[in-house]
Every structure is written in structure tokens, then in C-alpha cells.
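A single chain comes next, written as C-alpha cells; it is the form predicted on its own.
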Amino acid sequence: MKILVVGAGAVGSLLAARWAASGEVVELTARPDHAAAVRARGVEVQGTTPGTFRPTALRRLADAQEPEAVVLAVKTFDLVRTVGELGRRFPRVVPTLLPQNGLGVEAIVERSFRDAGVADPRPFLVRAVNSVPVTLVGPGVVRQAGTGEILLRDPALGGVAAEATALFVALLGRAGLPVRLVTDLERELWRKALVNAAINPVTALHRIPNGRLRESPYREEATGLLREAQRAAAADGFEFSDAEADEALARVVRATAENRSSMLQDRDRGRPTEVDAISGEIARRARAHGVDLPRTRAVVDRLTARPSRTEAT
């Protein structure tokens, strides 16, 4: 099958590598230095199930062949621009996987496809919750620090995107990536948002690996953000007890102790972070229900301000 991975960073590169190894025809678009390294040497995967794999790397979406499936692997802040370009380049929408962090991603993508002239993209949009721990080490190199899993809504439940979801269940399975089917994907999106809202801002602000969230004062900062995110989730109709939320946070911190969070990686590279799609969206949803989240608002303000390297480490 012809698969196009658009905006391949860590997650997109790992998916492209695994699919190339399983015999799919894979193209990926990436930043120039990463694309050049993949073209020269392939994608080197370190850590769990290591190896070097050779998808076709492109610098421009305009050079891609018409795909049969797409992975939108760009950050949330690039979705509108990328979906517009994709919709204009390939007016025939195909099953499209959305593995982004944050909430409300499907609405952004649907609206952007419609703005590009697509009548109804909903049957092709497959939201995913990704917990496979992977880091972009450098151009052409990613490190997978554990197994993790990819959560999809069970296509047996039906629904507008059931057929597209079933396709990705098969594709991910052929690539050897663990897939778990769930009945309530929205709740799982909220569960991941809770954990991201606790881990990412604290690690990014203090420039620390995830494992240091087990120490004071970082543990208390993360827990404070977690409690606010729980309040937002409850207002949105998804209750998480303190015990459930704490266990989810502890499990991820333990499994990714050596990792630098995606928000910290972006900050290290001087790039925008996804704080608005994670913490900002949580604060907006809470505000719509009359709930104020002062700690969450504060980290959004700090992470959208001009970065400083003088913060505590």
C-alpha cells in the first residue's frame, strides 16, 4: 500500500520506518536536514527493535505520489497549513491517521479540509492516542525507549470512520506496532491530555527529563497541573479520580524516565511548543464551563513568552 507520512518527526519517522520494513511503499516529508539524512542513510531506529529502514524521503509535499493512506504527523500548530496544502495537492481524501497530542484535533483537521474544498472528510479521519515513546535524536535517527501502544476506536462499533479505522488497525499490525481498540476514545484522549498537561510544561520550563518529576519541587508542580486538568475533564463530562489520574501520571513518568518530553525537545530547538493545544485547550474548555485554572494559565503564559535559558534546571 502507498502510505504518505506528512511532517515526519519522531513519531512519523518511526511509523514510516516500520511500514517500510513490512513491505509497504512509504514516502515521508520532513525538514530538509532530516529528509537529506533519510535519503542518504535511511531511518536509524535505536532502542527497542533497532535497525535501519529506508522509506523514501521528500522535502516537499508537491513531490509526493498520490497515496492510499496518510499519516498527518505534524505538530498541532502546523495542522491548518499542512491540511490545506494536502487538500489542494490531493483533492481525493484517503484514510488519514491523526496521532497528535492535545484535544480538538479532528475539528481542526475537518475544518481545514473543508476550507481546501473537501466536501466531507469525516469518513477518512482516524484519531489515535499514541503512547509509543520515541525521540528524534538527530537527522535520520530516532530512539524508541519502550513498546507503548496506539489506541484506536474499535471499528466494530461502527461509525462514520469505521472502515478507515479498520485499515489502520491492519496497517499498524503489519508493522508490528501494538494497537489497542477502545470503546471510548474521547476518554482516552482526555487521559493522555491530563498526563501531558502535567509532564510537558514542567519538564519544558525546568529543562529536565521526565524522570525528575518524581522529585520535589517538580512532583508538586506536576500534580498541581494534573488536578486542574482533572477539573477541566470533569466539567467536560469525563471524571477521573485522583487515584486514577495519579496512577496514569506515575506510569508514564516511570516508563519514560530518561525521555525529554516533546515540549522540551521543541523548546531545546527553539521551535514553538504544543502548549496551546494541550494546556491552552484544557484552560479554554474549563473556562467555557466557568472553571478557572490559574496554574494552567500561568504555564501557558510562560511557555508562549520568549524562551529563557536562565530558568531553573
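Residue numbers run from 1 along the displayed sequence. This one's a predicted model, so the numbers in the text were calculated from it and none came from an experiment.
From this point on, the text means the form predicted together with ketopantoate, which you will not see here.
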Could you tell me which stretch in 251-259, 28-36, 63-71, 284-292 has residues with non-hydrogen atoms within 4.5 Å of ketopantoate in the model of the complex?
251-259
Within 4.5 Å, heavy atoms only, which of Leu189, Leu125, Leu172, Ile199 is in contact with ketopantoate in the model of the complex?
Ile199
Identify which of Asn210, Thr76, Thr96, Gln230 has a heavy atom within 4.5 Å of ketopantoate in the model of the complex; exactly one of them does.
Asn210
Give a yes or no for Thr165: in the model of the complex, does one of its heavy atoms lie within 4.5 Å of a heavy atom belonging to ketopantoate?
no
Contacts with ketopantoate in the model of the complex - residues in 90-121 whose heavy atoms fall within 4.5 Å
Asn101
